[in-house]
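Just one chain follows, in the form predicted on its own, and it is written as structure tokens.
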Amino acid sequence: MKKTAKIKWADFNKEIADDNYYYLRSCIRQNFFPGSEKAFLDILRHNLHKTIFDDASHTTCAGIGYHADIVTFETLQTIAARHFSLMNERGIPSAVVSCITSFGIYSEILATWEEFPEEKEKIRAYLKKATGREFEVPENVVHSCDIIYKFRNEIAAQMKSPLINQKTGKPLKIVDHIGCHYSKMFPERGVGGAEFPKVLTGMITAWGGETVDYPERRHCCGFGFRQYLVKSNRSYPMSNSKKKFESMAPYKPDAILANCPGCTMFFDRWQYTLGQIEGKTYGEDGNGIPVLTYEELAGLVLGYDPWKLGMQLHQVDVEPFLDKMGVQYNPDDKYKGLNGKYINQPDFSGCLKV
């Protein structure tokens, strides 16, 4: 009789270091949602009392260039090796990667070196020749959402605004979306793998919310660098996002939570685009469905000011979600700069509210 493999949760778990991290920032996140990376650092340092080093010497991972067939795999590996060298120099064993694309890049490189050690030695020689540096592989490489997930209960113990609708007393319903480069390229490197991703649902439920299941829950947002970078192909990612919006809308989610900067940006921006094209919105009262990063959600439950989190940069208005949570905020501060002066608000016409 043929034996079938048994699926165990332990097979989809991963090691996440407890402390002492080297932070690898994202190039695109700082443009899309610039407050999220600062919020991550603030939460780790001030709420969780962890040590994390934010190094100005590291560079882009070059992942966008790689996926667009501009940067070679050898160059990509050498850039990663330099980052590992910077970590070694600081004596920090654990890398925390902000971007899902970068996380996929590091995962691909580490898997390549495990299977083809001669490739690692080739890159070692390239790095030495180019920079004079040497490197060793980190002990632990995780995505930053893994850290928030690991300490979700510690965050819950400090909550000021749980994910409870203050008008109804019921849990807020939140759709989770896992980036493909986190869970589908190398499933064993993400919490829960591709079939049972738990990294975002774990946060939602720990903070009092309710997760929403729907038919297209694991469908890709449609980003695909070659689709989006070529202007004539952009209807493809938009149609993928639309498929998800159409599928989730009947369940009336209060928000969408994502762990990929591209996915978060597309779900936010495409709702405005679809509203302009089709005159249709997917949220309540003519609004879109607010889209949040996991750092923003963690910051909100901890009582951070939403405007200091940078949530005024969202295309879909977040204020209805803030009101449901009972978050205290000053609407007059929404369009103020760092110096406290009003910097004007965007021109707007049609479909979504601001």
Partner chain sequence: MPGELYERISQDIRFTEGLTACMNCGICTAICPAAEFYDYDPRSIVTTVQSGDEKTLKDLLESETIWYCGQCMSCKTRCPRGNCPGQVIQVLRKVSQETGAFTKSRKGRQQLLIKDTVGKNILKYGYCIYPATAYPEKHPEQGTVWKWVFENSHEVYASVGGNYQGKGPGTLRKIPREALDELHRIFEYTGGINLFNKIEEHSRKKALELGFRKENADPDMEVYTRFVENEQ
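Predicted, not measured: the structure shown is a model, and the values here were computed from it. Positions refer to the first chain, counted from 1.
The same protein also exists as the form predicted in complex with the partner chain; that form is not shown, yet it is the one meant from here on.
Problem set entry | Within 4.5 Å of the partner chain in the model of the complex, all of Ile79, Lys231 and Tyr272 (non-hydrogen atom) | Per the other structure, all of Ile79, Lys231 and Tyr272 touch the partner chain.
Problem set entry | Listed residue that, although the partner chain is not shown, lies within 4.5 Å of it in the model of the complex (heavy atoms), from Glu121, Glu284, Glu136, Glu115 | Filtering the options by heavy-atom distance leaves Glu115.
Problem set entry | Partner contact for Cys27 in the model of the complex: the partner chain, 4.5 angstroms, heavy atom | Taking the distances in the model of the complex, the answer for Cys27 is yes, it comes within 4.5 Å of the partner chain.
Exercise. Heavy atoms within 4.5 Å of the partner chain in the model of the complex: does Phe32 have any?
Worked result: So Phe32 counts as contacting the partner chain.
For this session: Would you please decide whether Thr59 lies within 4.5 angstroms of the partner chain in the model of the complex, comparing each non-hydrogen atom pair?
Result: Although the partner chain is absent here, Thr59 would touch it in the model of the complex, with heavy atoms inside 4.5 Å.
For this session: With heavy atoms only and a cut-off of 4.5 Å, decide whether Tyr329 touches the partner chain in the model of the complex.
Result: No.
Problem set entry | Which of 160-168, 91-99, 189-197, 136-144 sits within 4.5 Å of the partner chain in the model of the complex, heavy atom basis | Comparing against the partner chain in the model of the complex, the contact stretch is 189-197.
Exercise. Mind listing which residues of 322-342 have a heavy atom within 4.5 Å of the partner chain in the model of the complex?
Worked result: Contacts from 322-342: Tyr335, Lys336, Gly337, Leu338, Lys341.
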